[in-house]
Each structure stands twice: as C-alpha cells, then as structure tokens.
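We begin with a single chain expressed as structure tokens, specifically the form predicted alone.
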Amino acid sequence: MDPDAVAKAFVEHYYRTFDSNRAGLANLYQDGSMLTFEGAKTQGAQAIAAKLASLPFQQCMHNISTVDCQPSGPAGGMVVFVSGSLQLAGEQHPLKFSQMFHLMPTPQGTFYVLNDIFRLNYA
C-alpha cells in the first residue's frame, strides 16, 4: 500500500463528498473521532456530521493545492495535511484553508478519520 496514493484518493473522495453531499461524510468518522473546526471541538461521527451540515453555507467548491502524508505509528495510521482554497457560492474571492486528517485503518481494510483539524488561513 502506497501511503501517498491512499492519501490522494482519500482527499479526492473527502472534498468531492463535502462539496456535493456533506451528510455523506458521516461514515468517514467513528464515535471516537474528533473534529476541530476553527478552534471548536466536536466528537463523534453524528455530532461531526451535524457540525458540518450546520456550516453557514450550502454550496462550495474546494480546490486542493497540496497534499502531504506521513505514516503514523505501528497501527498503520496516516497523517494527511491539505492546503487549498474554498470558493463559496456568491463570493468573489476564494478563502485559503489548511486541514489535517489523522487516518486510522479499519479491520475491513479501509480508513476512518480519527482526528480532523480545519483552519481558514487569513493573510
């Protein structure tokens, strides 16, 4: 398994789902998962899905600039760091963002998001 290929596939899936069907992200998280979104912590798959669904915009498009990945620990996890821009519907200028995912393997051979940290980057 090539970690960079897994990270790239995960990132493509995550942002495509976020932009088209945000509720579909719930199955990427588990009860022990934690999201920190602009400093606000949320734990558990359903709570994270509710937080993402409650964001004050319905339509957006992510444009990914970079994806960096490192193996994490003996359990086969991965740290994935993403930077890019976020275009909100009706807004002229995109917003820059950074997001970090800590992915952990499942017994079924897939990955889930254990930790997710999102920040807008203001210049």
Partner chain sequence: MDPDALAKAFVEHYYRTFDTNRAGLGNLYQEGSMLTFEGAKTQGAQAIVAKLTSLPFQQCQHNVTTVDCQPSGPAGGMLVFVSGSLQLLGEQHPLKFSQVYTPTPPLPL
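From a predicted model like this one, the values you see are computed outputs, not experimental measurements. Residue numbers count along the first chain shown, from 1.
We do not show the form predicted in complex with the partner chain, though everything after this point is about it.
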Counting only non-hydrogen atoms and a 4.5 Å threshold, tell me whether 21, 46 and 59 all contact the partner chain in the predicted complex. no
Might residue 36 be said to contact the partner chain in the predicted complex, defining contact as any heavy atom within 4.5 Å? yes
4.5 Å heavy atom contact, residue 114 and the partner chain in the predicted complex: yes
In the predicted complex, does residue 9 come within 4.5 Å of the partner chain, counting heavy atoms only? no
Is there a heavy atom of residue 91 no more than 4.5 Å from a heavy atom of the partner chain in the predicted complex? no
Pick from 65, 70, 87, 27: which residue has any heavy atom within 4.5 angstroms of the partner chain in the predicted complex? 70
Any residue of 91 to 109 with a heavy atom within 4.5 Å of the partner chain in the predicted complex counts; write them all down in order. 98, 99, 100, 102
